[in-house]
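Single chain ahead, written as structure tokens, the form predicted on its own.
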């Protein structure tokens, strides 16, 4: 195989929302290194989801199908992927950085006597070699990571770091593989799938987000920003201090301890831009910042900035949008 293999998470025939971002990363890395790009989906009865993935520009889609993969287990996934990797020998193996991947990918890398570089935010190619960028200390520092030793090299991609809308479409063949798995290889027995209580909003799926920070001063003033969100047809979100104070529910928090989002438009109102917040929204396609402090860090990542009092700027924007 050589090239780049993207392992795409799916459940009941539905791709995880970060899976296509990992595939976009694989396409970019493959193009820059001049290598072929492959994808793999695991499960039982994965023909339909494999055909969906085959609609992108890839060399091949590997549909790894087995009854013992119907429910996720780290043993089953590790055994199946180890066999695929040993048979086809990709140079790079990329995953979306999901809870499931965090569970089995280190085990898979260790089984092949390799390491996993987790939660990448960017990459570049230097002298024909891939350099990966990941954050340390809740995003306060960026670290360059280079692989040593022989491939395969394993890495997971932070949600929002690559954009799924940049994927190149195409038509790839699907190769179905039934791995040699036995029941005694799987030491865990999955129980009923845990489901957290239904959220009122999934910010990760929102196309437009208006987010409010400490500059709003009081809980009662959030109504000012809510009107802007309504005028834009946006979801209302917040930085951590707003949610810590109970002014908005925790499910609306964006940042390292909240949700990671990558909407088409992110409007930051009264948010200074602490690194913990930037980690959660820097993947947004267009960022608009409104802040009275011209030195606020949020302006360093903003595509458009408005330096002014939000209590003057936001009502003016609402009026303009109504017109």
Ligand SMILES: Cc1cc2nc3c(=O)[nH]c(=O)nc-3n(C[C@H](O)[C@H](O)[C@H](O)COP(=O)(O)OP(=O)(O)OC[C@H]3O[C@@H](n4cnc5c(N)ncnc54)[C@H](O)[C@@H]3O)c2cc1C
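Numbering follows the first chain given and starts at 1. Here, rigid core means the biggest group of C-alpha atoms that superpose within 1.5 Å across both forms. Computed from a predicted model, the values in this text were never measured in an experiment.
Only in words, not in the display: the form predicted in complex with the named molecule, which the text now covers.
With the named molecule left out of view, the stretch that reaches within 4.5 Å of it through heavy atoms in the model of the complex is, among 164 to 172, 227 to 235, 147 to 155, 206 to 214, 206 to 214. Exactly one listed residue, out of 263, 30, 255, 43, brings a non-hydrogen atom to within 4.5 Å of the named molecule in the model of the complex: 255. Only one of 274, 288, 68, 54 comes within 4.5 Å of the named molecule in the model of the complex through a heavy atom, and that residue is 274. The named molecule in the model of the complex is approached by residue 310, whose closest heavy atom lies within 4.5 angstroms of it. Put simply, residue 296 is close to the named molecule in the model of the complex: some heavy atom of it is within 4.5 Å.
Under a 4.5 angstroms non-hydrogen atom cutoff, the named molecule in the model of the complex lacks residue 88 among its neighbouring residues. Taking the partner from the other structure, the named molecule in the model of the complex has no heavy atom within 4.5 Å of any heavy atom of residue 82. Along 217 to 251, a non-hydrogen atom within 4.5 Å of the named molecule in the model of the complex is carried by 217, 239, 240, 241, in order along the sequence. After superposition on the rigid core, displacement of the C-alpha of residue 242 between the shown form and the other one amounts to 2 Å or more.
The rigid-core alignment places the CA of residue 13 less than 2 Å apart between the shown form and the other one.
With the core held fixed between the shown form and the other one, residue 67 has its Cα displaced by under 2 Å. Distance between the C-alpha atoms of residue 157 and residue 276: shorter by at least 3 Å in the model of the complex than in the displayed form.
In comparison with the shown form, the Cα-Cα distance of residue 278 and residue 16 decreases by at least 3 angstroms in the model of the complex.
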